[in-house]
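One chain follows as structure tokens, the form predicted on its own.
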């Protein structure tokens, strides 16, 4: 999907920079990069610096930045949709209606991105400065404290103090519970550290606890489906 957009528009002064937020580092991220085989730039951010700088909370999120370095669209869901929550967790199948909603979300987002890649500031999907500022989700004091705990937790974990590191990482999630990126990293590190933790089971339990709340907040984008696309767990 991203490769196709890049190939189609790289001659329009358009580029894609993908950043893998992966606390386990290159070895873990590499297999996914190799499978995608992108010709655009891919970076690996083990410390989650990009999430800190741009106040990211989930993946995939995207930021549109113009040639002058100005943010045209602040961080938002990059075409993903909560319809994935209708997935059968035994065989990974998806109801047709949910699959159609997910496909529409992806198509709508990518078409908007293509329009911007081709038309730049003249694209109807490009925010002006006022609109871009209005769509920014500003960090709070808790956000700063969360990342301070996250950085310290990562350092401790990577330097042989797993238990204390996990404690600081969990404190980070308590301070910023909307950050699924932080939460997933803790799950993965616990599983790698063989701490008796079932990552998938814990993840889906947390997702189910959302009920009708969003895992992916729909972007403010004309035509993007806003229906849930699944039946919330009672």
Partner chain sequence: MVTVLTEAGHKDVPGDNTRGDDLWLSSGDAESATGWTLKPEGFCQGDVCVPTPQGKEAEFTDGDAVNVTAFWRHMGRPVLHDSAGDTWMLGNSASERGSALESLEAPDFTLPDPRGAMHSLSDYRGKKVFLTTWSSW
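Positions refer to the first chain, counted from 1. Predicted, not measured: the structure shown is a model, and the values here were computed from it.
Note that the form predicted together with its partner chain isn't included here; everything after this is about it.
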{"property": "4.5 Å heavy atom contact, residue 2 and its partner chain in the model of the complex", "result": "yes"}
{"property": "Residue 157: touches its partner chain in the model of the complex, heavy atom cutoff 4.5 angstroms", "result": "no"}
{"property": "Its partner chain contact in the model of the complex: residue 112, any heavy atom under 4.5 Å", "result": "no"}
{"property": "Proximity of residue 129 to its partner chain in the model of the complex, heavy atoms at 4.5 Å", "result": "yes"}
{"property": "174, 226 and 230 each touching its partner chain in the model of the complex (heavy atom, 4.5 Å)", "result": "no"}
{"property": "Residues of 12 to 44 having any heavy atom within 4.5 Å of its partner chain in the model of the complex, listed in sequence order", "result": "12, 13, 14, 15, 16, 17, 18, 19, 20, 21, 22, 26, 28, 29, 32, 33, 41, 42, 43, 44"}
